[in-house]
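Given next, in structure tokens, is a single chain: the form predicted on its own.
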Amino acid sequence: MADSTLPSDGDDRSFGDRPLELTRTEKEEMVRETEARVLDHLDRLPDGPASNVDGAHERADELREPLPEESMPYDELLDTLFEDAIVHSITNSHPGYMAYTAGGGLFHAALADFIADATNRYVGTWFAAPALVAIETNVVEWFCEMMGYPDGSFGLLTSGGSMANLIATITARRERLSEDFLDGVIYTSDQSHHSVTKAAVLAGFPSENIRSIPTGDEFRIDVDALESAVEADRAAGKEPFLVVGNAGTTNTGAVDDLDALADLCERESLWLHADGAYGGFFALTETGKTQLAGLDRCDSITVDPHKGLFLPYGTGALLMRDGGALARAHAVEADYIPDWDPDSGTVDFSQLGPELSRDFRGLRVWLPLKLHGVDPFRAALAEKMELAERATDCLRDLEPVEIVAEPQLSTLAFRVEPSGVEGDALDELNERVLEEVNARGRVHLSGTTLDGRFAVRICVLSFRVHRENVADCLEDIEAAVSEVTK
């Protein structure tokens, strides 16, 4: 029988006591300490400030350090995180956070990530973890159902909307253009997220091939102007191939006329992609479904569960009406990867996008949806739309406030316009309103530029934002307006 003992070179030096392999007691203690800090943090959220960035830059500089050679106690590391780092930030999980499209971060999903990270299974290929891949497959198919897609549709979970838009652009390019694609032209509105332009550039298109189409009074794309641009480009020898419509813009929550875009794209043989990172999941509600009419006709859709399903950051998705398009665009072979047949009924997510190594994103969606069912998510989204409408009605009655963008989903924008103040001075006054509101600490809003004018935005999306929080917001806006206009 062969000797299975590893050969020795005579060096008996020890490699240590394997400190990376924790005992069960050590693991339990770390879990208990972490649990206590996290729960205390969450319990304090409602009474803490919606933003605490005073001194944050100085603290960030203090935290810069060289590679550590020595160990530190775990409780001291938790002190650093919870007392010196996390608290010095904009608290986008706060019930008063209404600045951008953050969903709040469900606790259930954090537990799912703990399970996924601790068990550390690979879900990029079917053969490595068939049951776990099946769970993520369910999640993707659920999303397709939510958007009204037919059988045969499919998709991929991503890190967020930016990656989803990039994969969509590459897939559309591979489906509609030849390898000599530099005459391809992409169309989107002047309200689209910057990731649309970034995706086009990263997909290899010259920036001059990206057409920014003007929008109308409601910040929706001008379909007639789009059609004229397509005709002009064809006449100039270009290859129009992709239109990116908005299913809820970041600026105002505007929803393009997706049915009209779908009609145009069908006539012109163009790929229609909908950026629904913020707004897509409002299709779960009756009002949202009406606002998003035509979404199911798009060739591809970006959605962000870390927005409309309230999950932690790092959870996006790209959905394809033709479920085979992703594999046609991305699948490659390698000697070290088992063969995969797209028609086998199994799924290799690594063949549907650019990532080979990826985390088990599906579990953080699957667990809360299975635990609660979809109805609480639908009800929460309907609540956010109603709260945005109520906030708009109240602001409309507040002098001298002007509603610049009515809520089409759950975002609105307004300006303060007292008589006798114009131009840059008026913009500065509105910036002061925003500063005054945020300085009170109960809510956190953001600003943007619409038609060349500074405006204040309210986005009601986090699952923690309720009627009382919007009431606080309106109260602080009224106080701020009174302060800056007196």
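Residue indices: 1-based, along the sequence shown. As the structure is a prediction and not an experimental result, all values here were calculated from the model.
Heads up, the form predicted in complex with another copy of the chain isn't pictured, but that's what we're talking about next.
Contact annotation: Ser419 falls outside 4.5 Å of another copy of the chain in the predicted complex, judged by heavy atom distances. Contact between Arg442 and another copy of the chain in the predicted complex is not found at the 4.5 Å heavy atom cutoff.
In the predicted complex, no heavy atom of Gly148 sits within 4.5 Å of another copy of the chain. Shown alone here, His273 lies farther than 4.5 Å from another copy of the chain in the predicted complex, counting heavy atoms only. A single residue from the set Gly373, Gly237, Gly152, Pro214 has any heavy atom within 4.5 angstroms of another copy of the chain in the predicted complex; that residue is Gly373. A single residue from the set Leu398, Ile403, Ala232, Leu177 has any heavy atom within 4.5 angstroms of another copy of the chain in the predicted complex; that residue is Leu398. Residues with any non-hydrogen atom within 4.5 angstroms of another copy of the chain in the predicted complex fall in just one of 122 to 130, 291 to 299, 214 to 222, 265 to 273: 122 to 130. Shown without its partner, the chain has Ala85, Ile86, Val87, His88, Ser89, Ile90, Thr91, Asn92, Ser93, Tyr100, Gly104, Gly105, Leu106, Phe107, His108, Ala109, Ala110, Leu111, Asp113, Phe114, Ile115, Asp117, Ala118, Thr119, Asn120, Arg121 in segment 85 to 121 as residues with a non-hydrogen atom within 4.5 angstroms of another copy of the chain in the predicted complex.
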